[in-house]
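As structure tokens, one chain now follows by itself in the form predicted alone.
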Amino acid sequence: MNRDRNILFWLIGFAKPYIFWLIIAFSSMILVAYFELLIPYKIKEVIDGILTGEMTRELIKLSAYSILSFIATIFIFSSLFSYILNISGQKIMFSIRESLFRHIVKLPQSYFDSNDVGRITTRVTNDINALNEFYTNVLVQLVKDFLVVIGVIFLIISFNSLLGLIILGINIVVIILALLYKERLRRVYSNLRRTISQLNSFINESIRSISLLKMYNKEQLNYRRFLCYSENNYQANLDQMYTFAMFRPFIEFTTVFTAGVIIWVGSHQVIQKSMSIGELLAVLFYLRMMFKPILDLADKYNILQSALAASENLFSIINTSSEKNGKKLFNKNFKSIVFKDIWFSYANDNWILKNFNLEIMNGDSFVLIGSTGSGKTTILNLILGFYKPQKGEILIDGTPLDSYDMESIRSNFSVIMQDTPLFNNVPNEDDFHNIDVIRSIGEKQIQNIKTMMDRTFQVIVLDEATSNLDLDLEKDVKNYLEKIENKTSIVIAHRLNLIKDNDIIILLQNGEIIEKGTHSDLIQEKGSYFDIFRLNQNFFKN
């Protein structure tokens, strides 16, 4: 219950900048509700006046004009609040999407490891669109419907207290059943949103990896997996349909049943002169007016549950803590970066780094080598603050990494990954990467390397950056690295082509440093590095 209240307050918070326009819409709704209630009352006066002979032709004409003016007023103010709500709703959705995406880009890397792209995409697009109906058709419209129902009950009781109590009792039963029905609807809509995100995620991954699927003849296997996800979504939609299909017929049956009761009891009241025929007809008009919002409530409840399921998904993202960020700025003239007794694992106790210790001095040139999974890229991820070690600490000039503003650190690092994606769709056409020109992975990587090396940096990191380049281009990168002065460089590689004479080579195995030194020193030791170098040399000779 507290969670629902928190979600509701969070959603309403986005409406605060538009409170003035929402008040105008709310005021328009009150006027619409007032004139809707006035029409049956005016009709009642005309009918009773005709039956008693008090209503002249002129008075009937004036009453008809009055009713037409009420209808015109309802049309004008209904159009006004509908326009205001739709405009405000779009602006609110824009604010929510902007706020959500701003928060997403600040989330820790571990969040993206456990949540696939399709699911996050669904949150930012489909779930936010589901909230639009909540703002435009539910939030303020429910208030208007509530006012109409309260007004109807009050007027019916003023005509005949017995009929008013009968209608009130039936409404209480309907409300109780609707509340019992709520939890079932919530589960159905949550499951529906989940299957949609799973289907979106699968389609996203399939299209992104279409070349691999074709290469290994996995199209049929992938299609069968698609059918499984599609079937789950289909069943979730059927559950929604079946669940919702029971509620609306129940309300319609209740409307007809109540009308029958009112006619039966009201007829006796008319015969006994306890109420007039005009009042009985007005009660039947009001009964329709009262059950119409309740019938519409079934549709609005549909929208509300969809919005609540979507808002729960969005709220869970907002409730996820952002990256912890200190205030200390990174000093370009730093002295050292120290890994002190670092233990790190991505999941459970599967340690990637074990009691890892390393000191990187400003201006040093490091090469990290080792088998896949030995912890090379993990070291980079820890320096850039993408992950936090479970044990130990990382110090920059004696100050813990957590104390630093990570943006100031990352802005001083020029990092070139093995496969850095180029953003083809950007608002500024001057920054557009023409995919018709940049065709191969190698061409993209050249563009990445050129871009990152042109920027101002204090530390340059190459994480398997030349794996997609031929040997001539790799040699150009090595020549560039040799020209860098007074900068710190960290090269992560399987191939040894980028190693320079003065590089400090770190050989990693199972998250631990097994050898450390320059190329010449390690060759003389004839240890594991010597074996790797000889194997690499023989490979290129052959």
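All residue numbers are counted from 1 along the displayed sequence. Note that the structure is predicted; figures quoted are calculated from it, not measured.
Below, we turn to the form predicted together with a small molecule, even though it does not appear here.
* Asked: Looking at 320, 371, 331, 121, which is the one with a non-hydrogen atom within 4.5 Å of the small molecule in the predicted complex?
  -> Looking at the other structure, the residue within range turns out to be 371.
* **in the predicted complex, the residue from 132, 197, 414, 377 that sits within 4.5 Å of the small molecule by heavy atoms** => Here the answer is residue option 377.
* Option from 264-272, 393-401, 346-354, 222-230 whose residues, in the predicted complex, bring a heavy atom within 4.5 Å of the small molecule -> Stretch 346-354 is the one.
* **Exercise: residue 315 in contact with the small molecule in the predicted complex, heavy atom 4.5 Å** => Residue-level check for residue 315: no, no contact with the small molecule.
* To do: Indicate whether residue 387 is a 4.5 Å heavy atom neighbour of the small molecule in the predicted complex.
  => Because a heavy atom of residue 387 falls inside 4.5 Å of the small molecule in the predicted complex, the answer is yes.
* **Exercise: residue 359 in contact with the small molecule in the predicted complex, heavy atom 4.5 Å** => It does not: once the small molecule is placed as it appears in the predicted complex, residue 359 has no heavy atom within 4.5 Å of it.
* To do: Answer for residue 205 alone: is it within 4.5 Å of the small molecule in the predicted complex, judged on heavy atom distances?
  => Heavy-atom contact with the small molecule at 4.5 Å: absent for residue 205.
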